[in-house]
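What follows is a pair of forms of the same protein chain, given separately as structure tokens and numbered structure 1 and structure 2.
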Structure 1
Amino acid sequence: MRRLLPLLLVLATVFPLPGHSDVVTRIHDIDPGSLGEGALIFLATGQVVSYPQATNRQLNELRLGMQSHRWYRIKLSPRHEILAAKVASAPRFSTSLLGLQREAPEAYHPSVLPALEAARTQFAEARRDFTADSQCYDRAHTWAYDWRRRQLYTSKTWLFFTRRYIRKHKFDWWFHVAPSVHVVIDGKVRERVMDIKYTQGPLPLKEWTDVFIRDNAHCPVVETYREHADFPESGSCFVMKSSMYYYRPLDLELLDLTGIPRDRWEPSEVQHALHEAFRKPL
């Protein structure tokens, strides 16, 4: 048995234990967490994870990496704890600044489906072969692009969880996003969120946020990124709406900073989203 132990250790390194996951991402923020509990690491993927084994030096290195916008390959346990974090190469697409300087195309207007049944059909026919550890923004971007190829212009609904909510409920995410469509229902145009992974069909906003918000609080809709970012201790959540072209929260923040809206697809982002969420080749 003793002779087998080194081999077992090697195998355990090469073949991770079931339930562990790897993610390549940047660090969005490091929250000290409540006193007596460890720091919370906000990943750019939207996940909130902990690093209970981290030394002060390791946390400081992550902080420096965050400031330098370094990419990391992070191994997570099933309990969303960081087991290892190593500096990694940036993916092929790099920043959302791409495309901002191009010529302005035609203005964006969302499509309006004639009835809820049409939205249900699109929901049912959307691709579902996403990986278990896929990120919400990669899935949402791929579905939105698929519908765009069928001339269906959709939107995106972003849900931001406040720090207060994350600490109180030890919640695992700091944001979530799903595509949404406009539909004629009872003679009015209403928006329905199409969260194919987490819901059974198109949902009104409150019903969708109730899936994630444990205290059933209303999530006010804000128009700028800073409106929710400046209120991390107020309420439980905020919602933002955008066109289908916005890929990650950074894109919403850049809109705030530059005033330049995203008005087209960035090919490298679309392909990256498809590869990351559905393991299709680039």
Structure 2
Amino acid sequence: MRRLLPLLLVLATVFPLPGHSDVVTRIHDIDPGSLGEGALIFLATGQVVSYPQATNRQLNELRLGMQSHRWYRIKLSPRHEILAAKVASAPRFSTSLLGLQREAPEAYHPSVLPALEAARTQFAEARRDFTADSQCYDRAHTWAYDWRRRQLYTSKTWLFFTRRYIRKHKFDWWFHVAPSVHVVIDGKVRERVMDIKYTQGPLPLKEWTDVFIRDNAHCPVVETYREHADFPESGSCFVMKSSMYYYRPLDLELLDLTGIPRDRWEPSEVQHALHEAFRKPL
């Protein structure tokens, strides 16, 4: 089975790089490309970068590093090309962030808001002081946790783009995620995606995916991570839904492998997400 989920995060312009930049991350997957195509490296941050000058030896070293879960310091050009990749130490975070206690498991049931106006109110009141270089999974986890502290139990909606789509449109990301809520509309419970950064209010699924895809493609909803990871050249995109506890795509993959669902918040993830996206403690 191919471990990779091919998706991109958002429009290629959402991650502008004014000059060379460094990122410390693990490698999620590698697509060597067909004849004449350069290698694409899928970073755990969600970014997709190219490695046009990579030799077979360098790609093999990165594959071994990926399998060994090594961290890398990767220097990127403004065109999102790898200029250098060196093994690095895992990043350390301030111990001042370690204030939350691990909670008991919860019987998860998403809240149902009584009307769309209630969803719009929650959307409008969400924190917006995220940093320009914040990652979607950090923002989504912080917003979901904030709402849970207000007794609003949300879900998450994941958007994965195929390798085919990434290459065709030169996308720089392979997934995107945002919280979603259940709300009563015209007497029926509907889902609305709450993407604070990229939309003006709660959106139906298709309207939300249309924000990020360029060919108006329909994104099939899959039940498991494997359903899209095994088909990197099929269509343009896939959607997967989860509870609010899932932080990164790796968590969805682990659910496939273990069959054990998440049923609580992990304090280190909550604090890390808040620190990375908003640069502040709880």
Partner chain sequence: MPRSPYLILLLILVRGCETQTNHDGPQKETKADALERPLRGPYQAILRPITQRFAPQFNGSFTLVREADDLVAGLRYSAGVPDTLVIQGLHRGSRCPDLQRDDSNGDGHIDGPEGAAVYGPTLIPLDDDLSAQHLGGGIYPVSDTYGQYYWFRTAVFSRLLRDLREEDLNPLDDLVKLSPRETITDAPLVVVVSGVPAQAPLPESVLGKGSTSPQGAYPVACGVLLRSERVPGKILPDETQIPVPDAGGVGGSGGVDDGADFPEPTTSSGGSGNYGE
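When a residue number appears, read it as a position in the sequence of structure 1, where counting begins at 1. In this text, the rigid core denotes the largest set of C-alpha atoms whose superposition between the two forms falls within 1.5 Å. Given the structure is predicted, the values throughout are model-derived calculations rather than measurements.
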| property | result |
| --- | --- |
| Chain form predicted in complex with the partner chain, by structure number | 1 |
| Residue shift check between structure 1 and structure 2, rigid core fit, Pro52 Cα at least 2 Å | yes |
| Arg149 C-alpha relocation of at least 2 Å between structure 1 and structure 2, rigid core basis | no |
| Displaced residue check between structure 1 and structure 2: Glu61, CA, 2 Å or over, core reference | yes |
| Between structure 1 and structure 2, C-alpha offset at Lys86 (rigid core aligned, Å) | 4.0 |
